[in-house]
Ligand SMILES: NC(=O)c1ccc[n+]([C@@H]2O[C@H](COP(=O)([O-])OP(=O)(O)OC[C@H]3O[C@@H](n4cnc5c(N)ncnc54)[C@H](OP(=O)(O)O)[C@@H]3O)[C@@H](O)[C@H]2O)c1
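Only one chain is included here, represented as structure tokens and corresponding to the form predicted alone.
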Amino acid sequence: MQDGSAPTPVTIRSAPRTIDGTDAWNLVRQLLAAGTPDGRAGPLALANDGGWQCAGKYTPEAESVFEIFLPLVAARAKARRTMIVALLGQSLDGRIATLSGHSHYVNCDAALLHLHRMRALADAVIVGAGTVALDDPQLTVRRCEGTTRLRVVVDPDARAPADRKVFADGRAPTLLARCRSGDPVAGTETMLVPRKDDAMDLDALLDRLYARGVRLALVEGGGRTVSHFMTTGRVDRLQLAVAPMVIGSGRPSIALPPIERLDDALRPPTRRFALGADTLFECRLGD
């Protein structure tokens, strides 16, 4: 300064943090923990209908996280029965594995991250005995913040091998749903569920899960189990993570009773999201 006066102090303000995908997921978790269909977590506000507003800047990935998960958080809080989200990863030609059952991995890392976030969002993760026998899954949350609250194995004929990780690792409570008695599995709770039309009565199973506090359940596989839930009309949201891959043969993702005309095909309202190289289709099948 030419006149010798002291320089005017300059206040430097740091730019507001831009919310990224991980930040967005942690905000979703805060709203999930609140257990209400609306509320606020930091800059994020959730409305009763699943709409949301976020103050400040956020990345496209964060916006996708909000759009995918917040409607489910709101719906879970209002559920008067167990809400079912079925999720399958598949190829362009609708295959989830080769004929030998090899499926590691059909989908990209971003789609696997989505799977683990869905596990963390759900009160229970459900799979069939065939998936347990073939894939030996852990069904735990490892790729994101969160925990698996309950693992449920649908095993009507008591055929799931007792040495699989889901029974032996002790990383989350595990419930074995059977239609007949079988050898007990150490460290695992067994629930007997009645049969209906030569299969497990899913209404009875889900009623019992709801009584245990399961408001939202993720049916993760395999294709036959997801198809059974769909055939009985118990899937509220169907999520298909489609990889840009053509297998050409192998195990189909969904197999429903045959129809005569395309007029009878399911044409549900559908949302699309990019998951890395994959595309997530979310189909609304229930209320």
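Residue numbers run from 1 along the displayed sequence. These numbers were taken from a predicted model, which means no experiment stands behind them.
This next part talks about the form predicted in complex with this ligand, which is not shown.
- Only one listed stretch (183-191, 165-173, 76-84, 125-133) carries heavy atoms within 4.5 Å of this ligand in the model of the complex, and that stretch is 125-133.
- In summary, among the residues R251, R237, R234, R29, the only one with a non-hydrogen atom within 4.5 Å of this ligand in the model of the complex is R251.
- Contact between L72 and this ligand in the model of the complex is not found at the 4.5 Å heavy atom cutoff.
- L121 falls outside the set of residues with a heavy atom inside 4.5 Å of this ligand in the model of the complex.
- Although the partner is absent here, R149 is not a contact residue: none of its heavy atoms lies within 4.5 angstroms of this ligand in the model of the complex.
- When contacts are judged by a 4.5 Å heavy atom cut-off, G101 counts as touching this ligand in the model of the complex.
- Taking this ligand as it sits in the model of the complex, the stretch 217-256 comes within 4.5 angstroms of it through a non-hydrogen atom at E220, G221, G222, G223, R224, T225, H228, R251.
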